[in-house]
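A lone chain, given as structure tokens: the form predicted alone.
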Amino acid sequence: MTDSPVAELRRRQPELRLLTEPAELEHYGRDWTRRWTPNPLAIAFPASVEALQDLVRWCCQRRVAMVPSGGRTGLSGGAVAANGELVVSLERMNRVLDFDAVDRTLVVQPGITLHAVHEAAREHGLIYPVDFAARGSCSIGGNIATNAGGIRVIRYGNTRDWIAGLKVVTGQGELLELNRGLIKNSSGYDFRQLMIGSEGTLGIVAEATLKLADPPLPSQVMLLALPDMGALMQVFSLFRARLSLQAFEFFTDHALRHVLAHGAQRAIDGDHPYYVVTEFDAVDEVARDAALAAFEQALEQGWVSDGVIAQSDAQAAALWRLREGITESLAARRPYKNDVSVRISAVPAFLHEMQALLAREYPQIEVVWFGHIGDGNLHINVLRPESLGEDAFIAQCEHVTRLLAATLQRHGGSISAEHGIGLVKRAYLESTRSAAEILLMRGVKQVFDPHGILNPGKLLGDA
């Protein structure tokens, strides 16, 4: 009698932790999208690079598809295992391996959380500057796979700007050591950057060398209330010219209502349609006076209707919660999400067209949107009314997404700014990438994963 694949794998790697219980399969077989029914073969937990390599080689030999899994906080279906794939959870590979004070780098395993990386960097008087609300549960491997951005892209850039080197296991089980932490390296193709944002379709991150930075200067946080959408870019342009911005985030009154209902505290009285949380360097009185002057000018111009400056770290955290708590406050509603971007210069025209599109296509449906106005990234959350069935709701949202993708194409934007393509947006990849680019992407996939076992069906839609 032939062994089942799971039994064969247990015999091959006796020390490998494998889970097959239905509750575990459901838990590890999905991400935050909740749109697909999990159906993995099993959940494997390799604890070393060697175990990961051997696991990939076995899957390659047996033609068993694999879904790499980190914190599963993704919103694009990139970590969903719905077709009998083996989920490869990297949560046991979660340690800091090395710190180099001269190079100012931190070597970590892929399963470590972003929060743990922040703490490790802080122990050495430095920071890893990529940051966002899911820091406590998302993993570095997942951040790399999607080139995660977050709330401080305006100052520090995306994840790819902070990766000095990678160890990656390809679809044939080969271990590649990419860039090796070098600052300058012009010796051909930079496969490190190719792996970043590839959503686990070319290789599985086994180790990452992260660049660290000096802690930021003392800062202040300000919450602004705005009277209309047109004021967003006016205020951003003014503050960027007058202040050294670390972050500039906005959200709507709909978003605020959900966050307040979820336990956050109101900071500005009255009702206002738009809000901005901004953080800026405030090293001395000159910088703080410049911030007040910028606020007063915005007030005089009618671009701002009210505002508050945090007077303590606790108040700053409370103001940030109004922005960072949005996704969590909406989670129970399982919103349909769009994560889009345009050039900063295209934001005003795109916002105008986007708002008209959403108002026309969702007349009876609540749409909550917010985003990183300083880097052109907008998050659109569509909430299903109880009167509308799930299938009908998804169909309507997919129709609107097609229209949104066409709008983005006209403005030179992207259908995925920082969440990846995954399963959710793969039908719209051609709105962002040309046919020639997609053909080359398929060719690259064939080179690194010739048998198509790594996260199949994601990004490019390969079966």
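Quick caveat: nothing in here was measured; it's all calculated off a predicted structure. Start at 1 and count along the sequence shown; that's the residue number.
The form predicted together with (2R)-2-hydroxypentanedioic acid is left out here; the points below concern that form.
Colleague: In the predicted bound form, do 152, 236 and 278 all put a heavy atom within 4.5 Å of (2R)-2-hydroxypentanedioic acid?
Modeller: So, no: the whole triplet misses (2R)-2-hydroxypentanedioic acid.
Colleague: Give a yes or no for residue 372: in the predicted bound form, does one of its heavy atoms lie within 4.5 Å of a heavy atom belonging to (2R)-2-hydroxypentanedioic acid?
Modeller: It does: once (2R)-2-hydroxypentanedioic acid is placed as it appears in the predicted bound form, residue 372 has a heavy atom within 4.5 Å of it.
Colleague: Does residue 425 reach (2R)-2-hydroxypentanedioic acid in the predicted bound form if we count a contact as any heavy atom within 4.5 Å?
Modeller: No, no contact at 4.5 Å.
Colleague: Is residue 381 close enough to touch (2R)-2-hydroxypentanedioic acid in the predicted bound form, meaning at least one heavy atom pair within 4.5 Å?
Modeller: It does: once (2R)-2-hydroxypentanedioic acid is placed as it appears in the predicted bound form, residue 381 has a heavy atom within 4.5 Å of it.
Colleague: Would residue 258 count as touching (2R)-2-hydroxypentanedioic acid in the predicted bound form under a 4.5 Å heavy atom rule?
Modeller: Residue-level check for residue 258: no, no contact with (2R)-2-hydroxypentanedioic acid.
Colleague: At 4.5 Å between heavy atoms, only one of the stretches 63-71, 394-402, 45-53, 415-423 reaches (2R)-2-hydroxypentanedioic acid in the predicted bound form; which one is it?
Modeller: It is the stretch 415-423.
Colleague: Quick check on this chain: which one of 337, 192, 321, 135 has a heavy atom within 4.5 Å of (2R)-2-hydroxypentanedioic acid in the predicted bound form?
Modeller: Of the candidates 337, 192, 321, 135, 337 is the one lying within 4.5 Å of (2R)-2-hydroxypentanedioic acid in the predicted bound form.
Colleague: Would you kindly say which of 246, 327, 105, 89 lies with a heavy atom within 4.5 Å of (2R)-2-hydroxypentanedioic acid in the predicted bound form?
Modeller: None of the other options qualify; the answer is 327.
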